[in-house]
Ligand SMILES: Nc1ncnc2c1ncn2[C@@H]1O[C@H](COP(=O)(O)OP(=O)(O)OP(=O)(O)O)[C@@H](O)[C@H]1O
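Given as structure tokens, the chain that follows is alone and in the form predicted on its own.
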């Protein structure tokens, strides 16, 4: 069953035509990778889905309901969690305070504070520390935890390994696998090709604002032509 459907999306920044007819689909419980070089529209796609940069044309359906021109706060309340590029945690808030302002609508099997801390035990060790004093890896954990506490059905991850050491990126990959095992659907924008394709079930490759190739993640990993032409590998 599809959780998200994006149909013929066209998005602009002023007069700059960024997304030029993008379509994709995310099925329940899958990880979808959005791949491509810098500047091809990957983050704009995430921002259009989350309502921060609304499309001018096209349709976005989440769990069968159109959200194309809904405000971002409404989209979040429908069950779409966003982990933005650059983490964007509130530096003056402690980990505890960030958890408190993020928690919403936890059900018996949802993401409670206790459950999130089992996935991110390090955040429990930093409970009373301000987010601005955390390491880059800890801030990324906090950004993901913040999104999970909203109990989303779909998680949007924009460049989660950016600025992380390889060991921290590996740990983050294990965490995303745990989250996926809970049945959460994930859209992953990532420059680290090996990281993204190891986690993803299916991948879309973007170039100049369009989807130019799509295939199961394992197929793209073996496709030397696509990697050389569109991914710079």
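Numbering follows the first chain given and starts at 1. Keep in mind the model is a prediction, meaning the values are calculated, not measured.
Beyond the structure shown, there is the form predicted together with the ligand, which is absent from this document and is the topic of what follows.
TODO: Just give me the single entry in 170, 37, 56, 65 that has a non-hydrogen atom within 4.5 angstroms of the ligand in the predicted complex.
DONE: Spelling it out, the residue with a heavy atom inside the cut-off is 37.
- [ ] Report yes if any heavy atom of residue 72 sits within 4.5 Å of a heavy atom of the ligand in the predicted complex; otherwise report no.
- [x] Close contact is absent here: in the predicted complex, residue 72 is far from the ligand, nothing within 4.5 Å, heavy atoms only.
Open item on the list: Can you tell me if residue 85 lies within 4.5 angstroms of the ligand in the predicted complex, counting non-hydrogen atoms only?
Closed with: The answer is yes: residue 85 has a heavy atom within 4.5 Å of the ligand.
Open item on the list: Considering non-hydrogen atoms and a 4.5 Å limit, does the ligand approach residue 138 in the predicted complex?
Closed with: The answer is no: residue 138 has no heavy atom within 4.5 Å of the ligand.
Open item on the list: I'd like to check something about residue 44: if you look in the predicted complex, is any of its heavy atoms closer than or equal to 4.5 Å to a heavy atom of the ligand?
Closed with: Because a heavy atom of residue 44 falls inside 4.5 Å of the ligand in the predicted complex, the answer is yes.
Open item on the list: Using a 4.5 Å cut-off on any heavy atom, which residues of 141-162 would contact the ligand in the predicted complex?
Closed with: Stretch hits: a single one, 159.
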